[in-house]
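A lone chain, given as structure tokens: the form predicted alone.
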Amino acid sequence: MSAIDAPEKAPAHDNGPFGEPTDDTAVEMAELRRYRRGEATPDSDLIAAEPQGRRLSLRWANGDTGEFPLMWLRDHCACAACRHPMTRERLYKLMDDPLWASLDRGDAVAQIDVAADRLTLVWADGHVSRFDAGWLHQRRPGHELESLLPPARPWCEGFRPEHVAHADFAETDAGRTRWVTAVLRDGLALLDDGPRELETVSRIAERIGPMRSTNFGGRFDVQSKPNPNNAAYTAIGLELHTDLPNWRQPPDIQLLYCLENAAQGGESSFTDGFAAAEALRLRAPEAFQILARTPIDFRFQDEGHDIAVREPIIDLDADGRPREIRFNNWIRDTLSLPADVIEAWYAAYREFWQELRDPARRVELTLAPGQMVAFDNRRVLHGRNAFDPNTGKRHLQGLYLDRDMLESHLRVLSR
């Protein structure tokens, strides 16, 4: 095979609202995400394809290049035989394809055709694969596909959470986009001026996805009650904490909707656990490492449940960044560690607790009836001041959502 250059420029093809080509001759990649060719500018045209052993080197008019393994190209064929035309799921089975042998012989591809808007490959077995040039440019190996999700933004002194009107959330895509973006980016956001009606929090959640149930049920009522099985159902003050760290997969996003709040006290407080962890890493790196590498036991027990897990206070991702905070002093179980580790762990725990209490990163607010706060339970710690139930009623309704559903909703809104 020799290098192939594109012929005269073909007409540009725009994509429809879901990324699909809008004319009958454009290449359909079974992809809902937009892959429009650089806003259909000439610089995005595919101009050449050069075989290089087991790879195909592509070049675009703007100077970008990409080296595509032939097996990758065969695996990503989007024709109806290789991708289900309705579900867009892969039907092609690379395990059963004799292409592997022809790759080593150098005769896997019988023909290559390049046009400004597409690449066409005829494989040795006669199968034809067509690729949209913009789709290939967007996904060229070694080039990170642009994320549709906002990166986490650490809280700095003076941070104030985003406020979105309930009506904007309920009635407009722009309002839901603002709210979901803020929750994912900052870990904390509010909805204002909603109805003072029972189950409003459930109706809000339904716009995003199904609620996550726990041993406390699906939706729960946060109010002082007799014979409580959780500190939230009392009137005492609650130290900053994350919910349910005793679960293998703690809930992601918590929604708390205020129906009544006439009691004296009960102010809510929040802090960014990721920012506190990074501050601890800078100020006391040994303490940070102890909390990140030492699993401890968390446990919740009542008459009907005994849920326990062993995990570190600070969980790190593959790049060493905080991925999850588990901090709940009430349900730490027996500290089962070697004697020579226990004292160092307690010292590190106190250091982190001190960072969490730093007022510079603390957000305090009094929820008003019709107002809802949403926060990332695996990042943002929450607490409240004690309140006097004899001075007025205090009633919040809450539930949990999976982060996956917020991310999914934002991707869909981006179309």
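Residue positions are given as counts along the sequence shown, with the first one as 1. Since the structure is predicted, the reported quantities are computational estimates derived from the model, not experimental observations.
One more form of this protein exists, namely the form predicted in complex with N-oxalylglycine; it is left out here, but the text below deals with it.
A.B. asks: Taking V222, H241 and L396 together, does each of them reach N-oxalylglycine in the model of the complex with some heavy atom inside 4.5 Å?
C.D. replies: Contact check passed for all of V222, H241 and L396.
A.B. asks: Find out whether any non-hydrogen atom of L256 is located within 4.5 angstroms of N-oxalylglycine in the model of the complex, and reply yes or no.
C.D. replies: Residue-level check for L256: yes, a contact with N-oxalylglycine.
A.B. asks: Decide whether R378 counts as a contact residue for N-oxalylglycine in the model of the complex under a heavy atom distance cut-off of 4.5 Å.
C.D. replies: Output for R378 is no: heavy atoms all beyond 4.5 Å of N-oxalylglycine.
A.B. asks: Given that N-oxalylglycine is not shown alongside this chain, does R384 nevertheless sit within 4.5 Å of it in the model of the complex, heavy atom to heavy atom?
C.D. replies: Heavy-atom contact with N-oxalylglycine at 4.5 Å: present for R384.
A.B. asks: Spot the stretch among 154-162, 241-249, 95-103, 271-279 with residues whose non-hydrogen atoms come within 4.5 Å of N-oxalylglycine in the model of the complex.
C.D. replies: Only one stretch qualifies here: 241-249.
A.B. asks: Counting only non-hydrogen atoms and a 4.5 Å cut-off, give the residues of 327-348 close to N-oxalylglycine in the model of the complex.
C.D. replies: Read in sequence order, no residue approaches N-oxalylglycine (within 4.5 Å, in the model of the complex).
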